[in-house]
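Encoded as structure tokens, the following chain is the form predicted on its own, with no partner shown.
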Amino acid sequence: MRKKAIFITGASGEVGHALIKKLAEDNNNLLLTLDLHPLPADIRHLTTHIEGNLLDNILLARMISQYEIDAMYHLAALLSTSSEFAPDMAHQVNVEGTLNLLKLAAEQSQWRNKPIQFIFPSSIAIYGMPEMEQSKGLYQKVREWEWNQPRTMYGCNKLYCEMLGSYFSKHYRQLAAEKPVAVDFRSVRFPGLISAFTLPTGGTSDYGPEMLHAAAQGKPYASFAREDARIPFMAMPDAATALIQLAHAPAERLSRSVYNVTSFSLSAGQIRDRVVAAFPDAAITFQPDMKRQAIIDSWPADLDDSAAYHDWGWRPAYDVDRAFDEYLIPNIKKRYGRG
């Protein structure tokens, strides 16, 4: 008898860490996780973990022989900056890995005769706005269907995977004699994410969390973003909440398969000011990397998340003050013995 489980890929990453803790609050959830790396010590006891490669089809087949998947949270990805240095690998991990899992979800849906949920975190990187002065001034809050012209491999990968998910949920095997049960694909587009408990791992928005962690350790930090660079952010607990809320939303309430979510929008200079207020000895300077800055300039200054607000009751728990004052600063101080 196969065990029913919620399957999470990329479980040792920043979002995975928060998501596992949140899902584990419900004792009825049996969690099955996959990552190339072991899980952090504080969450190992919460899940059955497999160390392995998402592209290993034999491993996936063995897993399916032992577990009946109720839902998939597909977090595994090569992030934005890393993807620019290894675009072929990014395509393999971000696209081929997603396609493998969508096919697996389709097979499971057909076998169980009901849709398997596929929850997919997308990214602000799918947006590509032209000239900063012109576009960011005119389009303060960008909606889901606007400026879907990414300028990074990561953004291209994420946008294509959104489209793959929509295809598997609406049109997969549409010419077959017997149409299979569709995958229940749902996606959130995240802004920059900031965690107090995990370190940044190669995202283009990581200048924000890098400032915090460097200051708490008493290390100087030179931001690769300009002082006036402005994009939306979200505290990591809200990211996990958004994924779970979307998964729990009644299908009949959803008007789309992909939703923006966000919390607050800050410039790099405003983040610096909050960090210095918490750590007066912080040495933060700005030495923009023009190539990474150009990517940031192509992203919206803010996201319109009114569809998520209306359809499934999205509300971030952490506005900018609560994110810094109650979540980030106290926990990062504690992490580095600065309390």
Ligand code: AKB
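The numbering used is simple: start at 1 and walk along the sequence shown. Everything numeric here is computed off the predicted structure, so don't read it as measured data.
There is also a form predicted in complex with this ligand; it is not shown, and the following applies to it.
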For this session: Given that the partner is absent here, state which listed stretch (141-149, 167-175, 259-267, 79-87) has heavy atoms within 4.5 Å of this ligand in the predicted complex.
Result: 79-87
Exercise. Would you say all of Tyr154, Gly203 and Trp299 touch this ligand in the predicted complex, counting a heavy atom within 4.5 Å as a touch?
Worked result: yes
Exercise. Among Ile124, Leu212, Val183, Ala242, which has any heavy atom within 4.5 Å of this ligand in the predicted complex?
Worked result: Ile124
